[in-house]
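Given next, in structure tokens, is a single chain: the form predicted alone.
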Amino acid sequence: MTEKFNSIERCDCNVIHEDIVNQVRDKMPQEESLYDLAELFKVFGDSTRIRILWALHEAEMCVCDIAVLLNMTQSAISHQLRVLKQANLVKNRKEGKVVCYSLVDDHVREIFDQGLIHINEK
């Protein structure tokens, strides 16, 4: 593990490139926005939620169908859908007694697609 840390490249000088630092500082989002972004990425940090998002990426589905697809209980799926809904990643609509879930918008699809592209670049 020590070898891993020793391989990180570092500057051997203490020169501050003020123009670059100021340019980046001016474009840096507000701290609250960065916090919210970190919280969003935490939601993506659970493989069950990723599997649910993948399913909803393909089709609108009800809790029963997602539970069968992922071989999980409806209760477990409902819990994860609640987290995804609170993060504004999924939405639902009632159709009689059936509640159908889908991705909230194309931004969620884009995040998912970009993540897959990134991990497949290895």
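Predicted model only: the values in this text are computed from it and were never measured. Start at 1 and count along the sequence shown; that's the residue number.
Although not depicted, the form predicted in complex with the DNA is the subject of the following passage.
**Study point:** Close approach of Cys11 to the DNA in the predicted bound form, 4.5 Å, heavy atom
**Key:** Yes - in the predicted bound form, heavy atoms of Cys11 and the DNA come within 4.5 Å of each other.
Check your understanding: Heavy atom to heavy atom, is Lys27 within 4.5 Å of the DNA in the predicted bound form?
Key -> Judged by the heavy-atom cut-off of 4.5 Å, Lys27 is well away from the DNA in the predicted bound form.
Check your understanding: Quick one: is His79 in contact with the DNA in the predicted bound form, heavy atoms, 4.5 Å cut-off?
Key -> Taking the distances in the predicted bound form, the answer for His79 is yes, it comes within 4.5 Å of the DNA.
Check your understanding: With the partner left out of view, is Lys42 within 4.5 angstroms of the DNA in the predicted bound form by any non-hydrogen atom?
Key -> Close contact exists here: in the predicted bound form, Lys42 approaches the DNA to within 4.5 Å, heavy atoms only.
Practice item. For the three residues Arg49, Val63 and Thr73, verify that every one has a non-hydrogen atom within 4.5 Å of the DNA in the predicted bound form; reply yes or no. Key: Yes, each of Arg49, Val63 and Thr73 comes within 4.5 Å of the DNA in the predicted bound form.
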